[in-house]
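Before any questions on how it binds or moves, here is one chain, the form predicted alone, in structure tokens.
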């Protein structure tokens, strides 16, 4: 029998091989990521693995796909459910400044600690907001609805195997092999000719809309390895002649702890695609849709920490208005240094970051002051950490940042598209996606809080802080 985590690991590995064949530059990205990780590990030793063992970091991937309807989203949820992946978080990219992104998104990933440790594969999944009148006028919306209703992304055999794997949490080896074969092929780039006029009509609204609704299949939009030094990776990829986007999205590089998520990518490549003209003739064209993304993950922030992060972004926008990208990076570093704790200890004691807590081990490097023999532990978390009764281990941020995701999309799009700002946008939220999938979109903060609280509950009674928000 093949368990869900084994299906997930095998699916991620096969998807990576398939995407590498389709987009050779992705293989270069993976190779450079591995080289950087090995160099960081040699330089920093055990500290390099503070946010995940190197075996996990090296194997880690996140993918991105796009679907057109709630029905398709419900089907893809069944496929990922077979892999032990749950929808976590709601991301609305429609109001991103400077972009036309008519999509809302969630991310499918494992949620249990042991499942994340085994294989943390995650897929950022966007759904086209066909009913949003700001992007789609009535006639185009009617045509798009009919087009999407007439296609099948996931066949009945795949969905039946997926439902069985999710219900039984495993599959017999022959069925597992068949499931993996069908699931990977569902995300391959189709060779079917694309209706050039129809694709162009959607592209005038948004390149993302065309990528979703202008073809009769879905595909992996990007597949993302994890790297321990994203700035060094950016330099090495550029040195190999790979054209990267202009910036690294997310928090700046600074001397304090890494938080949340930093992302960058190489630019979308012109890929050959067969295009069908109105007269039925087929010619070879090219579309720029898919790109190679890479990420560096940091510490998950609490609700208070995330609110601070958003305020800092606004402050950077204000101070860096009209400046170059390099100047903006300097401004961001100065803002971070001014407002964010410079140590993990500070993030923990100010309850801005998520950590698990453990009784101090005498020779543990995080313990600076030993509790006096026979002393009484303080009642608060800060005191327990300050006096060396507890040590804090960071919880890795497993999710996404809507502004960063939109920034990656925007950096890889061509024309800005069009938006009818005078129209009223359709209401989309986590509840609406949950209804479409028949399963709850989980709140990431709740998951991190549970992980932290489980560690606190395991502490001896006299080491449990009285109040942790």
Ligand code: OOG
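Numbering follows the first chain given and starts at 1. Keep in mind that what you see is a predicted model, and the values were worked out from it rather than measured.
Beyond what is shown, the protein has a form predicted together with the ligand; the following relates to that form.
K.L.:
Quick one: of 106, 221, 100, 119, which gets a non-hydrogen atom within 4.5 angstroms of the ligand in the predicted bound form?
P.N.:
Looking at 106, 221, 100, 119 one by one, just 221 meets the 4.5 Å heavy-atom criterion.
K.L.:
In the predicted bound form, which of the listed residues (36, 30, 64, 57) lies with a heavy atom within 4.5 Å of the ligand?
P.N.:
It is 64.
K.L.:
Give a yes or no for residue 26: in the predicted bound form, does one of its heavy atoms lie within 4.5 Å of a heavy atom belonging to the ligand?
P.N.:
Answer no; every heavy atom of residue 26 is more than 4.5 Å from the ligand in the predicted bound form.
K.L.:
Do residue 263 and the ligand share at least one heavy atom pair within 4.5 Å in the predicted bound form?
P.N.:
Output for residue 263 is yes: heavy atoms within 4.5 Å of the ligand.
K.L.:
Report yes if any heavy atom of residue 258 sits within 4.5 Å of a heavy atom of the ligand in the predicted bound form; otherwise report no.
P.N.:
Looking in the predicted bound form, residue contacts with the ligand do not include residue 258, since no heavy atom lies within 4.5 Å.
K.L.:
With heavy atoms only and a cut-off of 4.5 Å, decide whether residue 405 touches the ligand in the predicted bound form.
P.N.:
Because a heavy atom of residue 405 falls inside 4.5 Å of the ligand in the predicted bound form, the answer is yes.
K.L.:
Among 77-85, 177-185, 286-294, 339-347, mark the stretch whose residues have heavy atoms within 4.5 Å of the ligand in the predicted bound form.
P.N.:
Answer to the contact question: 286-294.
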